[in-house]
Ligand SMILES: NC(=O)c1ccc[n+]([C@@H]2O[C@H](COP(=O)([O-])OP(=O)(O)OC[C@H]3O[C@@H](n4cnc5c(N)ncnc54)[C@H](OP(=O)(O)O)[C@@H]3O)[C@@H](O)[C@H]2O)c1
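What follows is one chain in structure tokens, specifically the form predicted alone.
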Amino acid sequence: MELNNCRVLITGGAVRLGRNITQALLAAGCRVCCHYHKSRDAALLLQQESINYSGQLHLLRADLTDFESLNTFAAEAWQVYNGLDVLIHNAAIFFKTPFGQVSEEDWDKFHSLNLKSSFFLSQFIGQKFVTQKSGKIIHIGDAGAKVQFPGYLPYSISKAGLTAMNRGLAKTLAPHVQVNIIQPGPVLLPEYYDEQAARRSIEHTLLKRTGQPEDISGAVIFLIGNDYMTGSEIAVDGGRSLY
């Protein structure tokens, strides 16, 4: 698939890793529909910066956990550029949930955003991809899907579900739609991590260092350009999944 003028919807594309992916897409000449929810200021700043890139940017705000409005959001995103070529599931939440203290609300938060919204967006847009006989879905997963984090079990389980969904969608939407997942390791560590937590994350990689956002956005660009991969898991984790 050609990157220039490629029509992309990315969720959570205004901050952190999503922001870097959005910038890489714009630099490659893509027409990007960037979803955001609470990060309005960051989204508007990104819009200002977009004039420096060859691609186009359109902002679209939505609460992806609001199931009643999810299809409306998907339909609006589809109309921005009169169709889409790529759907990138990036929006997610991550916070510590020590075992024994996990609430039902915690569980629902992780699965509603990290897993449920991704499935139903994929269902809506994936069917349109099948009709047009082309399209790509890229999930941004986590090394924790395979190497579960004891203090973050609901999060890890939601990402494991995303990994299973990746394989299922690849089978369901074949042969015209490619579906793949990128499994990042420690990249852009959470701001609330103290020195001990950061050091532990690094020590649990084989390369003994954090990755860069460009490592992930580069994998996204690669998957858009490659037309003979589906159902694949790309570990960009510094060896975290082998530790």
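Predicted model, so just to flag it, every value in this text is computed and none were measured. One-based numbering along the sequence shown.
One more form of this protein, predicted together with the named molecule, exists but is not displayed; see below.
Looking at the named molecule in the predicted bound form, residues 18, 113 and 185 each place a heavy atom within 4.5 Å of it. For the candidate set 92, 125, 169, 77, a heavy atom within 4.5 Å of the named molecule in the predicted bound form is found for exactly one residue, namely 92.
This chain is drawn without the named molecule; in the predicted bound form, the residue among 209, 199, 176, 38 with a heavy atom within 4.5 Å of it is 38. Figure note: of the listed segments 151-159, 78-86, 98-106, 125-133, the one touching the named molecule in the predicted bound form, with heavy atoms no more than 4.5 Å away, is 151-159. The closest heavy atom approach of residue 56 to the named molecule in the predicted bound form falls outside 4.5 Å. Residue contact check for residue 137: none of its heavy atoms lie within 4.5 Å of the named molecule in the predicted bound form.
The closest heavy atom approach of residue 64 to the named molecule in the predicted bound form falls within 4.5 Å.
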